[in-house]
Each structure stands twice: as structure tokens, then as C-alpha cells.
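Okay, so here's just one chain, in C-alpha cells, the form predicted alone.
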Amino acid sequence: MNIHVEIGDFRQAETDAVVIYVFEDSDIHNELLRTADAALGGRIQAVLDLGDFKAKLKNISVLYTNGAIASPRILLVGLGSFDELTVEKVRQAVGHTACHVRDMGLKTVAFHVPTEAQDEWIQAAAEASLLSLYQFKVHKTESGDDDEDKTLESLTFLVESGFGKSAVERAVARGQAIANGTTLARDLSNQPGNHLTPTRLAEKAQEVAEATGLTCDVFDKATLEEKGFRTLLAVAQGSVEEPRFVILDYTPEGEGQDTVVLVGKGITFDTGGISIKPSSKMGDMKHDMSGAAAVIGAMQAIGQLKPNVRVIGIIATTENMPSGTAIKPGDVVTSYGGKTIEILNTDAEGRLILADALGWTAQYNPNGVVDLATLTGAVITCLGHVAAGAMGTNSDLMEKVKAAAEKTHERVWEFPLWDDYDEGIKSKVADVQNIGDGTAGTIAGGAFLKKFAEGYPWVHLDIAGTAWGMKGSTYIPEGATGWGVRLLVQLVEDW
């Protein structure tokens, strides 16, 4: 869908529908309603008087203009109370509106931008309109009888005068960049494992780098062996697909900027290895690279938005397969940083590849490191599909992450990472074991990673419950959510 910003009167807008957002306390902000009502000969007031439309959040009423204005339809959309309006409510309302007009079969729509609209509302509207219309149909060759190919082609933000138009354009452009990064993450996560191998994921990162001016280094299997990425190679040894390690680098002009590192788990398919998973819903394990997808999507947006902070994206990617060459429970491997790991469960593989990634990250002397990983099913037991579990070693960085999470509504909840939990991952034969004692599974994963995230501020986000399967949001689809892209971009821009 194309988004435009134009100066104009909604009464002259030649579009399939004009959308007017209405507050329950609309007597406070009623100039636009009075203008629209006058143009329609009092029909809006009649609808309100009859009670056929109440401006509760996401309520929609369609009025046919019968030639009274250029557009054949006006849509009244409720925003609830003005005093209770939040950025997330704007996202929900706009996402609902975009889906509604698409499902009506409309091709073009115009949103009237009220003078009191804040930049963050405009950005949220642009994000939600694009994200709500997302569909993954790459592998469909035919549609069902009731599956019409309805597409909303164009959305126009109408401003009343040139004053403020540039601000609206900037907000829309920022929303588009972030939404496009989120869409990229969704596309990557939704791809089946036979279409998105570690090699292909690395190639996609290279394509993003070329398009946005980032630098990109990719380590192949031979390079990983030479440099000593033994835990990544250990997980990969059961698959015929070679692993990859990707470094995306955005460095702004000038000197003295802080460095933030974003690390993503990239298991392109996870069978569990020798500790094989049940067959039920194993197909969802194509999403086990959602952390890597979020990092690539965020780096694309960062390359376009160009914040004044150095950002490095790190992706460790491989398959986790059972075979005659796969790692076995009881094996001991040595990580990039030299720590030894006893592998008691080959299905706790994400933390193994992150051990190498976090060890490698130390060389950048980062001011903050955030890793994203679909690490544990236990986090879903704790938080459902509403929030990611957060753990870390630095309270200032954690507060930055929490603030970005609240702004974007990609919510996190902090779990304790006390030293007490270290007891559960002590090994009798190695420095550490890759599973805990059977309790506090999500925290055990964080306690393991903490051993390798040394020498820098670090926060771990367990996104197993938010990477897919979220419900109740108008702009988040059933499959991959692209969760984390908006949070990471907000974190970097607020740095």
C-alpha cells in the first residue's frame, strides 16, 4: 500500500472513502464534525442522535454521501475518550479501520488529520495501517472461492494547510520505515525451513545492508572453525545445511557515539536434535529464528532512519537436526570465549549459539547489548502471548528497554537473575550445563547466557511467547508478529 501526505479539504478528496475519527466527548473537538455534518445536510447529527453510532474505540459507521462531497463514503471511527487516548489506542483504531475498508473492497482511502494530532499519533497510524494489512501468501498459487484478493492500494493523510505538512511527512516516513522493518521480520519468520536456510538468511542480511548503506560480514563454516565458534558449530553439525554468523554494522558520521549491539537467535528450523520434540506443532519451529529476523528488520529501519548511535546487529544461524553427526546429551563443547559447556539437552540449543555470539560481542566494548531469542516454552507459561521475559545485568539498560517497550506496546516483564539461580546450571564435568534443575526454566536460560555476556551491560529478551501466536490486536496477524523490531528501533533512537 502506498501512503501519501497531501494538503486538501476532505470534501474535495477523490477517494473511495474519507475517514473521520471521532471522540466520545466530541463536543470538545467538533469543528470537523460540524463541517462534515453541514456538507451531508445534517445526516451525521441524525446518526448520533439516533444512537446508531457511538464513538467507542474501533466502532465504525459508514455514511453514503450521495454526491454531497467528492468521496462516495464517510467513515466515522471511534477513538473513545480524548482524555484516555494513548498511542496504542491509535494503532488499534487505525489498524481496525484499514482492515475494515480493505474488506469492504475499497482501493483508496483518505484520513483527515486533525490539527491537534501529535506526531507520535501520525507515526502510529502509518505503522498500524501497514502492519494490519500484512498477509503472507508467498507460497499460495490459488485462492479459495470465498477468498477474494482485496487490496487497499492507497492511503492519503489529508492536512488542512501547508503548516505542519512537513511534520506529518516526517512522522509518516518514520512509521513506514519501522513498519517495513517489521514486515521484513514477519516475512523471514513465516518462511518454511526449506525456503529459509542459514545461507539464505545471511544473504537476506547482505541485501538489507546493500539497500541501506550498512556494512555486512558473513562468516561461513570454514571461518567459524578458524575463529573458534565451537558451540555454534556443535549445534550445526547435525545438519547438512552450513551455519552462518552475520555482522551488520551501522556507524553514523562523526566520533564519540555509543555502541549498541543487537543479537538475534537464528535457528531456521528446530527439531530439538537428538532430544527431539513432539511432532505436534513442530512446524511452528520455522519461527525459531524470530530473534534474528527482528534484528535484521530493526537494522533495515535503523539504516534508513540514521540515528546518532553506532548499532551492530549480530546473528548466529543454523538448523538443529538429529542425525548420525548430531551432538548428543552428555557431550562437552568449548565456547568462543573458552568456557566449557555440558550439553544435557540438545533442544536447549539456542543458548548454545548465543554463547558464541555474546562472547564475540565483547570485542566491541558496547555500551549496551540486547539479545532476542525464542528461548523457552516456560516463558509462555509465565506470561502467555502478551509480553516477553526480560533479564539482565544492568538496571540502566533494563530501564531503557522497558521504556521502549511501553512506547511501542511490545511489552516486557523483568524476571530476577539473582546469583542464586546460578546453582541450577552448575555442571559436574564442565564449567556450566545447558539446562537447569527443572525449575524456573526461563530464568535458567537467562542464567546460562549471563555466563557469556561478561564485561558489558546486557539484557536478554525471551520472545518465545510473542514471536507468533499473539491475539487480540488489530495490527498483529496470526503467524509471525515481527515482535521486537519496533522496540529495538525505539531503544536506539531514545539512546
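For every residue, the number given is its place in the sequence shown, counted from 1. From a predicted model like this one, the values you see are computed outputs, not experimental measurements.
Same protein, other form: the form predicted in complex with a small molecule, not shown, and the subject of what follows.
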{"property": "K265, D288 and I380 all contacting the small molecule in the predicted bound form, non-hydrogen atom within 4.5 Å", "result": "yes"}
{"property": "Residue stretch of 187-195, 161-169, 244-252, 367-375 approaching the small molecule in the predicted bound form, non-hydrogen atom distance within 4.5 Å", "result": "367-375"}
{"property": "Of S81, T334, T259, N345, the one that lies within 4.5 Å of the small molecule in the predicted bound form (heavy atoms)", "result": "N345"}
{"property": "Of E319, D356, E349, E127, the one that lies within 4.5 Å of the small molecule in the predicted bound form (heavy atoms)", "result": "E349"}
{"property": "The small molecule contact in the predicted bound form: K221, any heavy atom under 4.5 Å", "result": "no"}
{"property": "L63 within 4.5 Å of the small molecule in the predicted bound form, heavy atoms", "result": "no"}
{"property": "E410: touches the small molecule in the predicted bound form, heavy atom cutoff 4.5 angstroms", "result": "no"}
{"property": "4.5 Å heavy atom contact, I435 and the small molecule in the predicted bound form", "result": "yes"}
